[in-house]
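What follows is one chain in structure tokens, specifically the form predicted alone.
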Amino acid sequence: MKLRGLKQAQIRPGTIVLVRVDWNVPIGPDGQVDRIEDYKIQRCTPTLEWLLKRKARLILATHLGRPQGKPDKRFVLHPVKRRGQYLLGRPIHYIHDVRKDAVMKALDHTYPFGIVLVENLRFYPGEEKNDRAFARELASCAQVYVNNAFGVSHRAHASVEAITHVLPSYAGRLLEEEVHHLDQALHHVRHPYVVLMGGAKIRGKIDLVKQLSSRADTMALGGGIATTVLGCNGKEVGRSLSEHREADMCVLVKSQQRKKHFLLPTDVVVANDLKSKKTQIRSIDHIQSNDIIGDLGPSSTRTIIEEIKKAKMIVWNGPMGYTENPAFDVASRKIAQGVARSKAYSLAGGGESVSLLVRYGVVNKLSFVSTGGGAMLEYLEGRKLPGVEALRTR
């Protein structure tokens, strides 16, 4: 089933469109959105520009952080509003409210074709409860709803799912792109198919590893997933990040290892502290009890790059090391450069992965970079995302 897209929407001059955007990006200590962290805001702008060219009046809605259903000054939207209007090249009027009278007053203030950003949606308990009454409140000023926030489309929240029962609803251009490219990885596999799986988050990735490993010709593990599997295989991993109790992951990988080409590290970069600049390269068979594994070693990195050179499809989620420390940033950087040079269809996603690709200057050299973290993973697991399913053409 296809998504209902913008081409099917009735957008005339003056149409008031409520757009769900995902501007949940890190805010720096200076209270600003760093240009390296504004990728999700950048990717949203083509949809907004498309609507503005048709002289629509826009109400933007987003969340920021996890304020637990009540106002929290740490998560007011001034930083994302400033970045959004800079990227759009148009003023955005931000109001600390979502009620109809306040929104209509702001729309009148920005007449005829202005943009209003309403308050952080997660300041209201009805948002995460998928409350129909809260959805009706959000929708009360609008004539059309557009979901351009793939990153939250795995959540059954009021601004994502309930609102589609209140207004004529359509997928924004970014949401359509996300679904199209993830469908490529899920349903149109090209071989050799290489999956790169890293990052610190281990729990919740079992189904993803099961789904991707059943299709992949090579699955290369780094980060906390690699150290967890190494520990399960009886290897010493010292004080490294590891979830030895993730028995399901260990059983899964061991069963797949008999059939598939799993690449586990053969050498690693270690230190006594993840913030240390003093590191050593060790064979995986010579890890000491006080070591902390922070990155893949040069031999393991070269092996992965050789697999990348042969690939026709690459999916990457999560850095291969503790990239916050430049001493543990080498493998991820070299692998990113290898993926960027590859002629394979390449798909990457997840917050940390996107930041790295932007920082390395290769984000535009991959076939597609997803703005979703959890949403991307759940889609690739084959799950139905509430925000996407609500926009399917029946």
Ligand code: ADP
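Quick note: we count residues from 1 along the sequence shown, nothing fancier. All figures in this text were calculated on a predicted structure; none of them were measured in a lab.
One more form of this protein should be noted, the form predicted in complex with the named molecule, which is absent from this view; the next part is about it.
Taking a 4.5 Å heavy atom cutoff to the named molecule in the predicted bound form, the contact residue among N317, N120, S300, T228 is N317. Only one of V76, V166, I284, L241 comes within 4.5 Å of the named molecule in the predicted bound form through a heavy atom, and that residue is L241. Per the 4.5 Å heavy atom criterion, the named molecule in the predicted bound form is contacted by stretch 317 to 325, the sole one of 317 to 325, 90 to 98, 188 to 196, 77 to 85.
The closest heavy atom approach of G172 to the named molecule in the predicted bound form falls outside 4.5 Å. Not displayed here, the named molecule is kept clear of R155 by more than 4.5 Å at the level of heavy atoms in the predicted bound form.
Put simply, L138 is far from the named molecule in the predicted bound form: not one heavy atom of it is within 4.5 Å. Looking at P265, you'd find every heavy atom of it more than 4.5 angstroms from the named molecule in the predicted bound form.
Contact residues in stretch 339 to 361 (any heavy atom within 4.5 Å of the named molecule, taken in the predicted bound form) are G349, G350, G351, E352, S353.
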